[in-house]
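Heads up, the chain below is alone and in the form predicted alone; it's given as structure tokens.
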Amino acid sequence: MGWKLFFWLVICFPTSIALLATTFYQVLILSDLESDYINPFDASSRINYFVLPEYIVQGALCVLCLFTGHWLMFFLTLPVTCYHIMRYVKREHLIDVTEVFRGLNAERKFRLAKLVMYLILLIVVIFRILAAGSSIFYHNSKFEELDIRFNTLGY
């Protein structure tokens, strides 16, 4: 039972927070670019810095959920992972400095959709942490000998 809590608390929770934070940062940079607070070169270099690590972490989380048998999490992360693989294979994963304004709305909508998906992922992870923690507490309870039902069924 302790491994489930370790998986959700130490592996999935920080990963979900990191994915949510990087996507929020990218949306923030794109909105600053749209408002003309930042120039296109700085915006594209700041966003492109986080793209490949985000793809790697997302893919690793998806594969980890597949190998550990957490099917809900695997099927939640699979569409975004497949979309990341498709964009990487087509070489569309980085933002081009010269064409940043042409695809600004599409990039912002895509990152907002990812932000919502990562928020849903974080909520699921928090519920799984609570479920794993409560199952450890209830299965290792020291109050079993005080329970009348437990004592009568044991004899």
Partner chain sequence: MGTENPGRPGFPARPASSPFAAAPQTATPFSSTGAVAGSDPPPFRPTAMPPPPQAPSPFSSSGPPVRPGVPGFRPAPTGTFNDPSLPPPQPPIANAPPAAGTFQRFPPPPFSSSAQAPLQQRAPFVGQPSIQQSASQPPSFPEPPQPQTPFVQMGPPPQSTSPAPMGSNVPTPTYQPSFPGYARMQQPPPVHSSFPPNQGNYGPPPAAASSPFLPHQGGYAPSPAMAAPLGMQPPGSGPPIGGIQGLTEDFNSLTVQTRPGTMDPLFDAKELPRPLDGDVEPKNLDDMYPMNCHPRYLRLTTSAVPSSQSLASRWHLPLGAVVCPLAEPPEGEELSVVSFAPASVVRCRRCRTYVNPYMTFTEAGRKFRCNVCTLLNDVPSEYYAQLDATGKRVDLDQRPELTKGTVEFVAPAEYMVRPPMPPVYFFLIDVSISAVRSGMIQIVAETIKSCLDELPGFPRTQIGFATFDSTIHFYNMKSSLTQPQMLVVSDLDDVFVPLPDDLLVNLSESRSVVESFLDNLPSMFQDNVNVESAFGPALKAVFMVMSQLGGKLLIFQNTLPSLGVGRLKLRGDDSRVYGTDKEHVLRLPEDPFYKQMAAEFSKFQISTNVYAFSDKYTDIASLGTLAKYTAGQVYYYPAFQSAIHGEKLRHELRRDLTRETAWEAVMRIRCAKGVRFTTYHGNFMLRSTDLLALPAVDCDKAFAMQLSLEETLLTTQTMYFQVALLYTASCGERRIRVHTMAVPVVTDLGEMYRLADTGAVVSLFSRLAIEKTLSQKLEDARSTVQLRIVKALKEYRNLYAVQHRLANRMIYPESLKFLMLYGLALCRSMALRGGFGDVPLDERCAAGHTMMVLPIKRLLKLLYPSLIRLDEYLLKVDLKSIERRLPLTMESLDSRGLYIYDDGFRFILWFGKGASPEIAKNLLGEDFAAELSKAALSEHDNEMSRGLVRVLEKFRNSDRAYYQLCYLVRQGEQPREGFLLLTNLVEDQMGGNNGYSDWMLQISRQVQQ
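Everything numeric in this text was worked out from a predicted model, so none of it was measured. Residue numbers count along the first chain shown, from 1.
Not pictured, yet referred to below: the form predicted in complex with the partner chain.
Heavy atoms within 4.5 Å of the partner chain in the predicted complex map, among the stretches 124-132, 110-118, 60-68, 96-104, onto 96-104 alone.
Within this chain, Phe41 lines the site of the partner chain in the predicted complex, having a heavy atom no more than 4.5 Å away. Taking the partner chain as it sits in the predicted complex, the stretch 9-38 comes within 4.5 angstroms of it through a non-hydrogen atom at Glu34, Asp36.
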